[in-house]
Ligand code: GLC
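The form predicted on its own is given below as one chain in structure tokens.
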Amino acid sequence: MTDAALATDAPVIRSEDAAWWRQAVVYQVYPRSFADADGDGLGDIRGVVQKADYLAGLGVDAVWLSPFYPSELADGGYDVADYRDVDPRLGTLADFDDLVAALHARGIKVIVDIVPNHSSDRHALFQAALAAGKGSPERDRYIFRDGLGENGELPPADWASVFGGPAWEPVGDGQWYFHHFATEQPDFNWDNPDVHAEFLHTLRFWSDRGVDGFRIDVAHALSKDLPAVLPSQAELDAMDTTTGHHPLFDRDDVQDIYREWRQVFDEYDPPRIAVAEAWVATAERRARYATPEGLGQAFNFDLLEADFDAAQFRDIVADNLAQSAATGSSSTWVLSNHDVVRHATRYGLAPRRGNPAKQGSAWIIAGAPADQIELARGSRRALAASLFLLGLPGSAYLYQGEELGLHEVGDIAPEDRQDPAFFRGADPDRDGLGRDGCRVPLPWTGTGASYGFGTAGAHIPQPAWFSDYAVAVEDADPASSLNTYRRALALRHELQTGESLEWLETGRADVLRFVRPNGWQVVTNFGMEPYPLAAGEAPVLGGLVDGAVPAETTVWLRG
């Protein structure tokens, strides 16, 4: 065990801390791009162990690990071949146990990704389904259908995969299987009790190893109700997704699965927590995933999809706090993750005005003319938005590297890209460029073959400008993005209280100001004109210029 895994004086997890998730700062680690301990160019579990002190020093409450399971990497690890093991390229179960011990010793909880909508086509259950043949119990664990045409040579429907191309794949015996995502990701049949048993086993397996919670991938898509005659893609696209009866998405009966899971979570002390990734049509539909009887919390991506705009931010916060109060949950706030362009880059581009925050030429540095991207402005706005978010009641989810102010990497050669959205010709929102730009390995030092990521190169090459954003470089600069995040998280731990806020009048539509129950105030100037504070008002975070909040800046005031 490395020095980073040794116990510290940080508090240990205790049962009375069962509500920790309601106000937590959760840091997402994409393991393959975080830190490489064995020097093979791929991030690994030992790399995260070695950076445990960094995570503790940052001040996060929990680490969420994106998939680290055995995988052929058809979709960045979200094609899982074994839900109860570690990919040997990333380490072993013993390494994972060391990671849990290292983080727990520092008072940091551990959340792991669960991918229940689909498995890898290399998973033992799917291989058994292929071998068993038509009509077998093994094949019923997935969604198989007879093909159309005289010999089943045509797909059961003209459905399109999210990653481009058809969503039905032939297996050579007249049957086809459904894959909402990549061809290598067959969808489970959640009407089959064996599938329920498989995931209950998995939840207990990781909970027994000390995992504190689970992030549920594609939580809205597990339950399906497919008629004998399948609708066309055009008919699917025209269906209302707000009724709870869509054949593929956000069905009311998916909550039966999560009520079953809640019984498992509550077997533990403290109960294991969960957060749903549920891309649904309305805040009311999302709230169904966040009830105490179900998963308890659901990702709110509304700020992530918003422009840097005061009116949008205020409406989103008000709506989501109301939904949280109605469900008894707490809201989640997020600006970046492994699926979207980093918010520092998004904010340096023209307003999206409601367009999804997905990858595409409009949001990729390499795909947009340089004069259309205001990098400095994007960085300034990103920090202002992050400090606004960290002042809100509820939990905050950070994506690795955002504390460094990293921008999206757009200039990635085709041979270095890994995302299936690039190789398969994805939907127009992504423009075929994929999500690799936010998954480039982190820079830890200002020099070296991979800027301290590992002793070899990085599995996605890093640009030269990463050296300016390296942890070691920013650590030495008191005014850096990294040190600002550290101060913000330390203050948040001190000031965070209650689950409400009150808006204060600012006299300007482009300035938001709110106060928390203990008097802590957050002031964000979304505009370009300075916003003067009253005489004697001195920020505890962020600076003034001539007594005013500068353009596109957030400051905190102590109550």
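Quick note: we count residues from 1 along the sequence shown, nothing fancier. Owing to the predicted nature of the structure, the values given are computational and were not obtained by experimental measurement.
Not pictured, yet referred to below: the form predicted together with the ligand.
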Give a yes/no on whether Glu277 approaches the ligand to within 4.5 Å in the predicted complex, heavy atoms considered. yes
Contact between Leu389 and the ligand in the predicted complex at 4.5 Å, heavy atoms? no
Verify the contact flag for Ser71: yes if a non-hydrogen atom of it lies within 4.5 Å of a non-hydrogen atom of the ligand in the predicted complex, no if not. no
His407, heavy atom within 4.5 angstroms of the ligand in the predicted complex: no
Would all three of Tyr347, Glu402 and Glu552 be in contact with the ligand in the predicted complex, where contact means some heavy atom lies within 4.5 Å? no
Select, from the options 250-258, 198-206, 166-174, 333-341, the stretch whose residues sit within 4.5 angstroms of the ligand in the predicted complex by heavy atom distance. 333-341
Checked Arg139, His459, Arg435, Arg380 for heavy atoms within 4.5 Å of the ligand in the predicted complex; positive is Arg435
Taking 4.5 Å between heavy atoms as the contact cutoff, choose which of Lys109, Arg286, Arg262, Arg215 touches the ligand in the predicted complex. Arg215
Check each residue of 299-330 against the ligand in the predicted complex and list those with a heavy atom within 4.5 Å, in sequence order. none
